[in-house]
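So this first bit is one chain, no partners, the form predicted alone, shown in structure tokens.
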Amino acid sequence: MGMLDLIEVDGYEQVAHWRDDEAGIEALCAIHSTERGPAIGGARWQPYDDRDAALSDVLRLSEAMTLKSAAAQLPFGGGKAVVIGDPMAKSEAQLRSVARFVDQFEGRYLTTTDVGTTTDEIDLLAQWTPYVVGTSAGSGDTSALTAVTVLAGIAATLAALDGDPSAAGRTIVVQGVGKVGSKVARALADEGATLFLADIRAIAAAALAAELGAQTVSVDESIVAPCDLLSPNALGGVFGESTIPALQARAICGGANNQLVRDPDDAALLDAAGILYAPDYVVNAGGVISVAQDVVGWSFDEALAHAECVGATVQEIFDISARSGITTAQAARQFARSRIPTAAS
């Protein structure tokens, strides 16, 4: 039936390890904060090297969810679950076990899709636990509004660079052309951007590039390509001491979580290199805004209007950064924490 062990971690309300040998599954869940409301965050299914790597990821991701919901002014806290395993080799028994794991938190943590999980799988989880959001019968695929907030962030970032929010005539590299990245690329192409696309699935990048009249580059090339804006929309941990010196982008704005290896420390390296960074958890808030339809009862139009406000939030963070002489990552944390009751007190 699964065994639950609690792990004490400073600064987190609850961290738990789940092992179900019968189902062949091992998972972790971190609830960072419920000060603003139930902790919301997806269930990520990845072949982590070991439990320590999974723990490090779930802690970073859950804190980012707290900051994301606070910055987006949503009535949610932050949490995350990770499953250690091959996302392409799930069994029904494993999904049932994840549902039992989620049940242990009795609604303090609500799960949804993430890297390695699909809406169809979330629909299955919803048959076995009530603590699921973002099902096809509810708000559904969260990538649509995530693309909206990423595009709003890109417009604000381009405006901060040159005073013009339009992507027309700009050279933009889109790294990752999955559910979010492909939507972002299509919208930028419609605006008239010169696009370079990259994905670990080179065939997917080539197919989309052919559709949009874009060019492809390898993932490694995408990081160092000269461009007005680099938009990371795949996995995080991209920008750190080993990669930032080689960057030739003027700005970074994308939907990937945890883009900085060390957040907020690596933002100082970007700042020193003259690269404008739009903090990822502000830019990619569309997913958690989307599930507000399930939890708060917003209509899609209400959620869309909220998502479109993310551009103004990005601009406010840029203004705080300039006014206070701090990095944009520090400004984003200041902005978000001021909206968390215990952090503001």
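Computed from a prediction, not measured in an experiment: that's the story for all the values here. Numbers follow the displayed sequence, beginning with 1.
Absent from the display: the form predicted together with a small molecule. The rest refers to it.
S.K.: Is there a heavy atom of V219 lying 4.5 Å or less from a heavy atom of the small molecule in the predicted complex?
M.R.: Looking in the predicted complex, residue contacts with the small molecule include V219, since a heavy atom lies within 4.5 Å.
S.K.: Is it the case that R201, even though its partner is missing from this view, gets within 4.5 Å of the small molecule in the predicted complex, heavy atoms only?
M.R.: Contact check for R201: yes, within 4.5 Å of the small molecule in the predicted complex.
S.K.: Hey, in the predicted complex, is R96 touching the small molecule, heavy atoms inside 4.5 Å?
M.R.: So R96 does not count as contacting the small molecule.
S.K.: Is T112 close to the small molecule in the predicted complex, meaning a heavy atom pair under 4.5 Å apart or at it?
M.R.: Heavy-atom contact with the small molecule at 4.5 Å: absent for T112.
S.K.: Pick the stretch from 86-94, 158-166, 137-145, 240-248 whose residues have a heavy atom within 4.5 Å of the small molecule in the predicted complex.
M.R.: Within 4.5 Å of the partner lies stretch 137-145.
S.K.: For the small molecule, considered in the predicted complex: do all three of G178, L235 and G287 come within 4.5 Å of it, counting heavy atoms only?
M.R.: So, yes: the whole triplet contacts the small molecule.
S.K.: Tell me, out of V102, L269, A193, A256, which residue has a non-hydrogen atom within 4.5 angstroms of the small molecule in the predicted complex.
M.R.: Contact residue from the list: A256.
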